[in-house]
Ligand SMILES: Cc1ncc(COP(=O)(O)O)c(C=O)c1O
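First, one chain by itself: the form predicted on its own, in structure tokens.
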Amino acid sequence: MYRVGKEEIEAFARAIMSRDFFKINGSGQEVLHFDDEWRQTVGARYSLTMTSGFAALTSALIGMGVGPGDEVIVPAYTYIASALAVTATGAIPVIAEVDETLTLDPKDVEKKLSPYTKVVMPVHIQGFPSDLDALKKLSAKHGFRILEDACQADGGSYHGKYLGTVGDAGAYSFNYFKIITSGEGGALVTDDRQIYERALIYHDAAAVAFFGNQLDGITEPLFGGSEFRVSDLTGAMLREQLKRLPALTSDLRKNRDALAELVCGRGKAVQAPSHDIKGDCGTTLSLRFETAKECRGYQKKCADGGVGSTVPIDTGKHIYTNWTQIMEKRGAMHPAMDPFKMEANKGLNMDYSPDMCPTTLDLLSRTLYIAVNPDWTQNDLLQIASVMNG
């Protein structure tokens, strides 16, 4: 969490004191207002607030008609939730390399396309924009849908367009560790009416037909789904957090750029490339080294000087080799519900091995992250840079 204060407390109290904070209500309608405000902010036709980024990814995949017999390409470097959203639909995640920016490599995507590829899921990890132009060209050529996992990229952009709105649908996360937060939460956005209608039904199948007029104008038939609905307590906090987003992204980018100016090109620290550095969220200064040994040496120097840093190869469930449920092919508790055991998925690309994405593992071992604080002062920046340049 970057910034929170009395505004969020007052919004939360407002929702509680209404004594009417179920999502569909006659009082504050905080969730419905946030849906509209988020939609307008990012420039999408439809928005649905949910319990998590995973919920949004899963609902979007369902909205795209993904299920048994389908493959969804995901990057080898992303949180495991990206891959688990695929197995939640009964489909098979196909794991592809990342490029120098640590986002999905379109060249490897093209190699791994098959007649069963229904969706490609670029992940804007750490707020780094993926190569969406290249992926859209592949989509036009091969006919797959693009689902942007923007769960670490609230407020990021790609060539002037908000991340999450360039593909067919986008998913965001608002959990505690994200740019704006409600503790837990997420959202799906899309311009596609069919994806929206199916996601609406799926994300709240137990209540959407029974509260309010949520099905007015909906033509998709009702079907069994899940329950990812949030209350107005979540909506109220998100509405206040959204007001903070422009200043947050501005300050993060400003401090990222200032630190990069002070340290990059001095010694062995080189800033990693970006597909759109201006649209990058600015949460992270990403440094690239020639060898893993150099990277570890620089990390130790930072640690000795009190500057926190992370080598992304160490980030556990963000690395495909640590996706236990995927690598060991246990996609569900009951065998009949496990996509890895479904007859419809026989012959699909699930030939996983720890060394299947060597480029990704190499890049992750030679990269160092410095987490950026939007509230750093000039003195803070100078002090951090003196350690890094020492």
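Numbering starts at 1 and follows the sequence shown. Please read all numbers here as calculations on a predicted model, not as lab measurements.
Another form, the form predicted in complex with this ligand, is not on view; read the next lines as being about it.
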Practice task
Give a yes/no on whether residue 256 approaches this ligand to within 4.5 Å in the predicted bound form, heavy atoms considered.
Solution key: no
Exercise for the section: Look up in the predicted bound form whether residue 53 has a non-hydrogen atom within 4.5 angstroms of this ligand, and give yes or no. Expected result: yes
Practice task
Although this ligand is absent from this view, report whether residue 78 comes within 4.5 Å of it in the predicted bound form, heavy atoms only.
Solution key: yes
Exercise for the section: Classify residue 170 as contacting or not contacting this ligand in the predicted bound form by the rule of any non-hydrogen atom within 4.5 angstroms, answering yes or no. Expected result: no
Completion exercise
in the predicted bound form, the residue from 152, 157, 101, 181 with a non-hydrogen atom within 4.5 Å of this ligand is 152
Problem - Interface residue in the predicted bound form among 274, 231, 214, 175, criterion: non-hydrogen atom within 4.5 angstroms of this ligand - result: 175
Problem - All of 82, 123 and 185 with a heavy atom within 4.5 Å of this ligand in the predicted bound form - result: yes
Practice task
Just one of 355-363, 45-53, 337-345, 63-71 has residues with a heavy atom within 4.5 Å of this ligand in the predicted bound form, so point it out.
Solution key: 45-53
Handout entry: Residues in 333-359 with any heavy atom within 4.5 Å of this ligand in the predicted bound form
Key = none
